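Given as structure tokens, the chain that follows is alone and in the form predicted alone.
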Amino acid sequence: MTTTRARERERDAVIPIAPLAKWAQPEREGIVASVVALGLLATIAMWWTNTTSLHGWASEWTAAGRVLGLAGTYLLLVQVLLMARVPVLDRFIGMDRLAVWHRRNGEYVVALLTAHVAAITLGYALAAHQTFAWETGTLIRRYPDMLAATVAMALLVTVGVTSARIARRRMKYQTWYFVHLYAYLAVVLAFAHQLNSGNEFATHPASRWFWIALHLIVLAALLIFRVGVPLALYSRHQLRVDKVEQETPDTVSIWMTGRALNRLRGESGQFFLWRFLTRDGWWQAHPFSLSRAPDGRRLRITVKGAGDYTNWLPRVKRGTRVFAEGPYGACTAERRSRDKVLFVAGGIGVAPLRALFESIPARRGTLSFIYRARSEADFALRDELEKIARKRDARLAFISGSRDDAAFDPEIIRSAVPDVADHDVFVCGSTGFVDHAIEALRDAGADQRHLHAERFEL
């Protein structure tokens, strides 16, 4: 009788819906984009209020160069802030979407600042009645801090070129990562040049302090969230490897213990940037999701071998110290706004969704899980998923096939989850998998406003 009543209470329970769920992903991104746009308008307003009437090509090209430089530098600060691991941005948009913004915004930064250099040099050359090449040499030799600004521009172009998809495919992750760090040096090198050479700052204290304040805000965010918070987390929790378990021929789970893990803010669906402090691994930080709901005693990640670093991880020894940054990721239970929930995982994207599948508040029979992998042997954590499905009376479907096969089609989804239109849907996996799955889910009747995706973009 007691068991029956408990099941009835679970069946009739009211599922808590977080306030964050009232905004769809496009709406959240629109709010942040509006804030960025307002800052850009304020930056352009500085140029407008400090620009007198223009007469002739020389002054017009010079004015164009100034506004392009201001806009490009402002977006460069936004670029740094997007990857400063600011918690409010991560929770509101998600680190994977911030990574997409970061990549696209970087293209604008390089384009605007390159155009700034060209336009300002052309304007000065026309005013001096000299060639473009002669004026370039004059600017570098005679103007204050121009040599440092030239180096900064070269660094930004290098970062931009190596961030292109075709270049990234040919580079190791850590090589790309270290090249990317030169963007911070570029910001520092260009700062003095802006204050000393910019008409907007030389004679207008309000504009000067506004610009300094923007730089200080970005610097503070970097120091707090990229340095201070991770160091505090390491000191407080003292994470160490507890054991390593083989899940499939190329997938392992790594368990970690530490102090006061009940105070760790990590949730199911989130990830950390992990550094295993060995001679070969201490300098590499890689994002891996929690594959089990945090219980205050241990943490677990599940990793698929896909390169030198992930193929090395199975050899990590028990007791190895671990440095973790996070938690990051917005694909958590807070996104949920409906009673029924469907999880769609591709490959190792099963890790964060397995944790959510276990822990998300739900009545019996309201959860469904579809897992796509290349072969039967590639279904990591299959036994655990089946156990959770039995416990929660959930629907569970495994789909296997080569990468060339259709990952999903609407009929497969409707067959597995006939009422997909009534579900919140959480999708996780590679960018290609997520994009394909979302298209199929829409065709199957899923509501775009209730699709929540986590792409492995970092």
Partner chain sequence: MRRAIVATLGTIAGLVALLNYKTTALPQRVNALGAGTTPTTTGALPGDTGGNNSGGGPGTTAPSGPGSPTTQANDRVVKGNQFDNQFGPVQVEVTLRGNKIVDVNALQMPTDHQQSLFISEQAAPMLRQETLTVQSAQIDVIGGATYTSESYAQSLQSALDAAKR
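These numbers come from a predicted model, not from an experiment. Numbering follows the first chain given and starts at 1.
Form predicted in complex with its partner chain: not shown, discussed below.
Discussion item. Only one of these stretches, 258 to 266, 297 to 305, 136 to 144, 222 to 230, has heavy atoms within 4.5 Å of its partner chain in the model of the complex; which one is it?
Written reply: After filtering at 4.5 Å, what remains is 136 to 144.
Item to complete: Consider R104 of the chain shown here, and say whether it contacts its partner chain in the model of the complex, taking contact as heavy atoms within 4.5 Å.
Response: Because a heavy atom of R104 falls inside 4.5 Å of its partner chain in the model of the complex, the answer is yes.
Item to complete: Please check if W283 has a heavy atom lying within 4.5 Å of any heavy atom of its partner chain in the model of the complex.
Response: Although its partner chain is absent here, W283 would stay clear of it in the model of the complex, with no heavy atoms inside 4.5 Å.
Worksheet item: At the 4.5 Å heavy atom threshold, is A63 in contact with its partner chain in the model of the complex?
Response: The answer is yes: A63 has a heavy atom within 4.5 Å of its partner chain.
Worksheet item: With a 4.5 Å heavy atom cut-off, would you call W48 a contact of its partner chain in the model of the complex?
Response: Yes, contact at 4.5 Å.
Discussion item. Within 4.5 Å, heavy atoms only, which of L277, V157, A213, A127 is in contact with its partner chain in the model of the complex?
Written reply: It is A127 that has a heavy atom within 4.5 Å of the partner.
Discussion item. Using a 4.5 Å heavy atom cut-off, which residue among I399, A58, V420, A394 comes into contact with its partner chain in the model of the complex?
Written reply: When its partner chain is considered in the model of the complex, the option within 4.5 Å is A58.
Worksheet item: Which residues, if any, of 106 to 129 lie within 4.5 Å of its partner chain in the model of the complex when only heavy atoms count?
Response: Contacts from 106 to 129: Y108, L112, G123, Y124, A127.
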